[in-house]
Ligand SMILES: Cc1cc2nc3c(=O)[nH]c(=O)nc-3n(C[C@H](O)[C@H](O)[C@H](O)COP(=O)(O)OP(=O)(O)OC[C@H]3O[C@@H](n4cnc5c(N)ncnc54)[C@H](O)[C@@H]3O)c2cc1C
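As a starting point, one isolated chain is supplied in structure tokens, in the form predicted on its own.
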Amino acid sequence: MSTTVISESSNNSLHPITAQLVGAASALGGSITIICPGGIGATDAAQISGVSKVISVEGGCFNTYDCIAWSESLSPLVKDDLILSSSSAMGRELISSIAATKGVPVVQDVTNLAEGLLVTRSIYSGKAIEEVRISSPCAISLRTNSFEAAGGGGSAEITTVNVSRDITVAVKQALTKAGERLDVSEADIIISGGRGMGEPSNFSHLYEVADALGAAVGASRAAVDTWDDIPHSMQVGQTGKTVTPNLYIAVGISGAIQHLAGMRSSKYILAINKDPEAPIFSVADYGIVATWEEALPVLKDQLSEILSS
């Protein structure tokens, strides 16, 4: 069973309950993904044993806690059948909101979680113990210090998704992270567009960015099949070209399996898509939830500043 853990933070660092949530999930088997609101503790979360993936979700809404804003930003990233959070006041409220958005039941303040989703919790103000078997998909909040924490030594991949409405901030952060990992003197860069670009004439904006970077322009199969103006020679994917650049920028590409097969080995992947549930975000190192109209002008301006400095 695959599980999504909503991490908890304290004093701007990862709260120990997160390792306990992973420990509980590990006992059930399957992959474990940790979602870190505000990106807090993402590096530490990746080092927890048993974690398959960490999604660092950045954005201005995480500066202060707002259940509705947090839930709207996190819910599209929850893909698994089981969702776990702590049973703190914030954890209980947030997981309830996410469960409502996903249309799944929620069980609160669980003190034991066994194989087959057999859960135990106290009821009637602690005067009785309830044991019940539930089915997935479902959401569960776990009581602090009721589960053994998972150990360290993990090395899970970290994907960053920016849900900020300030596209300038998102692009700056993406370029900063890319700069940390790329050797510009050796970098080969590709910027590709998909059907989300709207029409083939809009690929001119990709060429402008490519000219600034010295990059090549690619396209998804959907774009090639839809528009005669986008030649097959530009296609990246299983039935097109397999590429392994240092930096791959995917704009308006949902991320069909055949496209991912042709570019997922890129050293650093930046995805720009207005749909937070687009599969491309599952392989991206950094994702920006925005339309190309919002993101590309800012990307071009930021690149101009970098190159002129």
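Just so you know, these numbers come straight off a predicted model, no measurement behind them. Residue numbers run from 1 along the displayed sequence. For clarity, a rigid core is taken as the largest C-alpha set superposing within 1.5 Å between two forms.
Below: the form predicted together with the named molecule, not depicted.
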Exercise. What is the one choice in 265, 31, 49, 254 with a heavy atom within 4.5 Å of the named molecule in the predicted bound form?
Worked result: 254
Exercise. Considering the named molecule in the predicted bound form, which of 145, 239, 201, 176 comes within 4.5 Å of it through any heavy atom?
Worked result: 239
Problem set entry | Interface stretch in the predicted bound form with the named molecule - options 41 to 49, 245 to 253, 62 to 70, 23 to 31, non-hydrogen atom within 4.5 Å | 245 to 253
Exercise. Hey, in the predicted bound form, does residue 196 get a heavy atom within 4.5 angstroms of the named molecule?
Worked result: yes
For this session: Would you please decide whether residue 274 lies within 4.5 angstroms of the named molecule in the predicted bound form, comparing each non-hydrogen atom pair?
Result: yes
Problem set entry | in the predicted bound form, residue 221 touching the named molecule (heavy atom, 4.5 Å) | yes
Exercise. Applying a 4.5 Å heavy atom distance criterion, does residue 258 contact the named molecule in the predicted bound form?
Worked result: yes
Problem set entry | Those residues of 277 to 295 which, in the predicted bound form, come within 4.5 Å of the named molecule by heavy atom | 278, 290, 291, 292, 293
For this session: Tell me, please, whether between this form and the one not shown the C-alpha of residue 92 is shifted by 2 Å or more, with the rigid core used for superposition.
Result: no
Exercise. Core-aligned, does residue 262 move its Cα 2 Å or more between this form and the one not shown?
Worked result: yes
For this session: Using a rigid core alignment, state whether the CA of residue 62 is displaced by 2 Å or more between this form and the one not shown.
Result: no
